[in-house]
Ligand SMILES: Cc1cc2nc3c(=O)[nH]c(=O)nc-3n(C[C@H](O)[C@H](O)[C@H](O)COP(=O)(O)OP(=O)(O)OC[C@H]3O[C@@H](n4cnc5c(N)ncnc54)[C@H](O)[C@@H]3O)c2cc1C
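Here we start with a single chain on its own, the form predicted on its own, put down as structure tokens.
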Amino acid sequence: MSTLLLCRPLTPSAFLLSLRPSSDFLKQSPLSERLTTRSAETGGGEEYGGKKHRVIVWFRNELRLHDNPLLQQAIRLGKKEGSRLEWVPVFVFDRAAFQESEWGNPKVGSHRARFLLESVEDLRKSLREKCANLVVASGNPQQVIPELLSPGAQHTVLAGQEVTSEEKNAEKAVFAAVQKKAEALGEGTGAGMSLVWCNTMYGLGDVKRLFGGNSVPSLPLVFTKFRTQVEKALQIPSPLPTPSRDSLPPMADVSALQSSESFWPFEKPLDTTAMPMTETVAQELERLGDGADERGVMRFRGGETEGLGRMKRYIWEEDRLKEYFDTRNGMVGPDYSSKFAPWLALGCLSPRQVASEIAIYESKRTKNKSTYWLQFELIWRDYFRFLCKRLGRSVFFPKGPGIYSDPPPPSVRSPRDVEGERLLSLWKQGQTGVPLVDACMRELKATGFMSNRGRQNVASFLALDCRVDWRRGADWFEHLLIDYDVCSNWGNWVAAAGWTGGRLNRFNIPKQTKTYDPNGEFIKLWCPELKRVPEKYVGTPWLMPEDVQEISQCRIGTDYPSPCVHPLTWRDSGRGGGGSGPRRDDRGRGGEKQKGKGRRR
């Protein structure tokens, strides 16, 4: 999808201005990475001898019309095959995605459920404007999608390619199910499935060629090495066009499915009953309603329309991009950072579209460290997706890929350790007695969002200070985060725990508080017990003399918890204590191989 440069390497910022058209994406696309195109009748291929060809576009994390390779492939097939081709766009609220994890947390919590529902409804509306109807269903994809097959026709299921095992297992299950259904429908019916790489800036084919051929075996485990090589060698393709009303193939008649309990009626607006939620999440969602906690950074509304609108406001109307580097570590308010992550996570916003906007902004307004740094953050997203493709299930193991940091991470408490469970519970509820951690965790629970600075601190605290299995924290984030992305979430957590090599980045929480919340504005917003505490003590209230506690109406151990870890924990917290951010190098490699399932992924 993007190609190797044969000219001199570009500087980190200059490469953004070299975006080229990507009309050739189809011939270079990982679409060739097929499960199969075998036909139950003829043996396969895209040539169907005049038979009707139904293309089923299975939306998952590509909930947009702009820069969508799935739609462009459907359009290409429509132009090639003419009136023989029809299509069906479908989204399935996957029952497995709403189930409880092995640690008892529903994988999709109320905040993300609402955002997802809004995103799917927005896609429905956008497709209606293109004379198409999004088929929405609830259940298991391998049971729902085969119902879209038509007797005597050939079928191609198009889906975005994922890299982690639960998602890949879903792809395999759907493929097997449509093959079985095609055989059951009898002579002349065939089915295949093609997976398309959709949600990174850099093309999979280009990254493969850069790091090892047909796979990514030599992709660096260290972000800096990955970044420097892709910036020098690769281009970011321009975003694909948004389909016009006339460019999409005619939609198949699937009105008969409206009588099935699995499918949502076309004319009925989506509501929460469309999702196979647990009773607990359904109750939380009902309490949440359409409102938002007034202390939250903003009300995140799902969908491509909202995502593009946020990008337009942040970059162009409010002109925030030029100051991104200086404000990105803020913690209060909507505009200290881009807040694009929720829309990127569900594919409502394309990272290539953001890269394109940055390039245009640099050419029309200004080009500085801030404009580069937003692109830098998008490269992190790419890195974690490619890293998970390389590491496979090991990213979910207790010790990740087993590559020790320098110095090695501390020993982890036993899963049966009572104290570990107590610390985990305090961390989840924001009752650790460490104000920055508590404020961040309360914000997460109330809004589904937390700043990047906050995420680094609370991860360091749980994994390195409390010595709780890092996967418990990743699982809690998966449950609550509105911008949950499997690769970014689990990749960041395993790195924070010290299991991807390089430097162990242990954060000095009191020092971080002085640097990033010096006046206690964020802490007092979320920990009202501390609202009268002097600035001097707001990050370390356990240091308050008794008379100050009385004056502040905040008695430690009564009005606000005593710290659940000893404050001397941060006296020698290491090189990462100042919060220099994650920096990993080659030291500490050569860890032992691990056994065990490492989650279900």
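All values derive from a computational prediction rather than experimental measurement. All residue numbers are counted from 1 along the displayed sequence.
Unshown form predicted together with this ligand; subsequent notes refer to it.
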(message) Quick check on this chain: which one of Phe91, Phe175, Phe396, Phe449 has a heavy atom within 4.5 Å of this ligand in the model of the complex?
(response) Phe449
(request) Please pick, from Leu185, Ala341, Leu288, Leu117, the one residue with any non-hydrogen atom lying within 4.5 angstroms of this ligand in the model of the complex. (result) Ala341
(message) Is it the case that Trp197, even though its partner is missing from this view, gets within 4.5 Å of this ligand in the model of the complex, heavy atoms only?
(response) no
(message) Can you work out whether Trp380 and this ligand are in contact in the model of the complex, taking contact to mean some heavy atom pair no more than 4.5 Å apart?
(response) yes
(message) Given that this ligand is not shown alongside this chain, does Tyr484 nevertheless sit within 4.5 Å of it in the model of the complex, heavy atom to heavy atom?
(response) yes
(message) Residue-level question: is Leu374 within 4.5 Å of this ligand in the model of the complex, judged on heavy atoms?
(response) yes
(message) I need the one stretch from 152-160, 490-498, 514-522, 277-285 whose residues put non-hydrogen atoms within 4.5 angstroms of this ligand in the model of the complex.
(response) 490-498
(message) Counting heavy atoms only and using a 4.5 Å cut-off, do Phe59, Lys107 and Ser165 all touch this ligand in the model of the complex?
(response) no
(request) Within 4.5 Å of this ligand in the model of the complex, which residues of 451-466 have a heavy atom? Give them in sequence order, or say none. (result) Ser451, Asn452, Arg455, Gln456, Ala459
